[in-house]
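Before any questions on binding or motion, here is one chain by itself as structure tokens, the form predicted on its own.
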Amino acid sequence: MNVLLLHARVRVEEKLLHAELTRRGHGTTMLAVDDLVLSLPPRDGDLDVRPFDVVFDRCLSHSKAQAALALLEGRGARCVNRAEVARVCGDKIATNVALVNADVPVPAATCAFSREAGVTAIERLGYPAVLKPPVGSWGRLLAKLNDRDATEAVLEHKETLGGPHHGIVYAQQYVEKDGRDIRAFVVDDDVICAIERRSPHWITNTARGARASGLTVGPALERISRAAARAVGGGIVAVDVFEAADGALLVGEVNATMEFRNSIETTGVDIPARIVDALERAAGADEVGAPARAREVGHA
């Protein structure tokens, strides 16, 4: 199997994946997305996708990943995750729509497109509410809004700052989750492991200092994690789950390029190996049962 590993920078996760691919004897080409050039229509000198059985997306930038995957799939490349999965997971609003349409339990949310309408929408949602950028990760640019004064102030800041991330007001109901949340790792419809993240801060993200510990995957967590992964299109994803005070499980977000370096020893699961298993499956068979080679369309 020949794999093109598309990345923004080579983190611990990419090194672990490369090591596992190499250990199994697979060919791996590491390519920074910033070095990728794809012409429309294709030209000599463009990347030739034909030698690769799988393109594995590990990009940090949602917009770059989305554009690159769409172009590569248009040339016949088999991408993991697919461009559509990256699109949905990279946009919190699109994720929420997909989850709601699949009847996956989520926190109540609201969306508006101006400061005035945003204040009205959040008042209707109720306090406290969590304001989120539609596109973003690592717990950045989140704001917990406890009252109308805070809402008006933060939305005025967003309007003044301008830019695409600030023109849309997207907020979720704040979930009382006792300083913890859950991240479940789903690979090809199999919930392979889960961690619990705890923090004294209301943002329970390891990038913001939360501590992770292994968590046994019970039937309820398995069901909701699998349902969430299916709702966004499947593949290799991490599902963030809140457990409310009444015990109800709610899906907050789904991540298509999750980090896992701190979850291997924590869970006892060889996550890179399970991911490479999925890449081997993707390379082995396509929708009609033939070997998953890139179609000879649009190549250089």
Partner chain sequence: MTQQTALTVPCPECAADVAFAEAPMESEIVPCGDCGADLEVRGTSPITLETAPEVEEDWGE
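Positions refer to the first chain, counted from 1. The structure presented is a predicted model; accordingly, all values stated were derived computationally and were not measured.
One more form of this protein exists, namely the form predicted in complex with the partner chain; it is left out here, but the text below deals with it.
- The three residues K132, Q173 and L249 each lack any heavy atom within 4.5 Å of the partner chain in the model of the complex.
- In the model of the complex, M30 approaches the partner chain with a heavy atom inside 4.5 Å.
- In the model of the complex, at least one heavy atom of H18 sits within 4.5 Å of a heavy atom of the partner chain.
- Interface residue remark: I275 is not counted as part of the site for the partner chain in the model of the complex, having no heavy atom within 4.5 Å.
- The closest heavy atom approach of R23 to the partner chain in the model of the complex falls outside 4.5 Å.
- The partner is absent here, but in the model of the complex a heavy atom of A256, alone among V55, L47, A256, V232, sits within 4.5 Å of the partner chain.
- None of A102, I93, L141, A117 but one reaches within 4.5 angstroms of the partner chain in the model of the complex through a heavy atom, and that residue is L141.
- With the partner omitted here, the stretch from 241-249, 39-47, 267-275, 57-65 that lies within 4.5 Å of the partner chain by heavy atoms in the model of the complex is 57-65.
- Contact annotation for 175-195: a single residue, R183, has a non-hydrogen atom within 4.5 angstroms of the partner chain in the model of the complex.
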